[in-house]
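Below you'll find only one chain, the form predicted alone, shown as structure tokens.
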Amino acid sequence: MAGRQAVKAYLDLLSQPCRALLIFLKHNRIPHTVELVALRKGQHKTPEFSKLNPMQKVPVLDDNGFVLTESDAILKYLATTYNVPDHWYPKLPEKRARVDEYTAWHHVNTRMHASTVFLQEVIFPRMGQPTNPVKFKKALTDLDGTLDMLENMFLKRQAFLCGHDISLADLLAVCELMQPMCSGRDVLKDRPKLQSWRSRVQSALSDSFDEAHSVVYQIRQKFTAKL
């Protein structure tokens, strides 16, 4: 876009939504710069970052002075503001509504349950807190129910969650479901239908997928080496 500077994305790539945003920017060749914010070091709580986002969360987007928080809002803003293929966030109301339907459901289902598995198995032990077996078992059960819904309500017999082309729904979902991989846990290992979907998403995203998930692969290698 003429006369516009590159957008600035504030990210921590251990964050699932941050990876989704980075993938979207890279894959669609939207000019951007990345400012890394290390959550583990508390950099999201500094006065400078708190001024940018009082909620002290990542990702944050700065598009030439327009500052936006929340990954869902950021991705939809970019999809409608920049010249990206329509399949990401379709203009046709019915198709767009399907993406909105998934993203509204995503936050308290796919994201919440996959994150809880990751926290219980990886983060809490690294902080000196042992995994709570009751909470961990419940998280796995809840995630299993979510995966059932992904298969039977959203994916059905389609190639992607909201139709025959990749959309923001697939991008957000796959980044969440990759998070438990940090411990070597593949939550889709007994679900060939969802495994095939993940492979299609990875293929559609090409190199940007693995580049963004390199931190997940690094943690997995360290975690499994200790077992």
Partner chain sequence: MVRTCEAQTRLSKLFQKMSLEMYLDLFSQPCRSVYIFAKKNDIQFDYKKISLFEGYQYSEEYGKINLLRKAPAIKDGDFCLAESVAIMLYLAEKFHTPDHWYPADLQKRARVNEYLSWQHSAIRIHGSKMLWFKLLIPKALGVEIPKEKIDNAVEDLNASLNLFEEKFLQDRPFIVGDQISLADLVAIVEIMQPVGAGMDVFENRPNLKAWKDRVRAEIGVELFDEAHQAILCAQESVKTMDPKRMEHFKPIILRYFLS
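Positions refer to the first chain, counted from 1. In this text the structure is predicted, and so the values were computed from the model without any measurement.
This protein has a second form, the form predicted in complex with its partner chain, left out of what is shown; the following refers to that one.
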Does the 4.5 Å heavy atom contact test between A104 and its partner chain in the predicted complex come out positive? yes
4.5 angstroms heavy atom contact with its partner chain in the predicted complex for R126: no
Partner contact for W88 in the predicted complex: its partner chain, 4.5 angstroms, heavy atom: no
Any non-hydrogen atom of M112 within 4.5 angstroms of its partner chain in the predicted complex: yes
Proximity to its partner chain in the predicted complex (heavy atom, within 4.5 Å), stretch among 27-35, 64-72, 194-202, 176-184: 64-72
Check, residue by residue, if M55, K138 and M149 all come within 4.5 Å of its partner chain in the predicted complex, counting heavy atoms only. yes
Who in 9-42 is close to its partner chain in the predicted complex, meaning a heavy atom within 4.5 Å? none
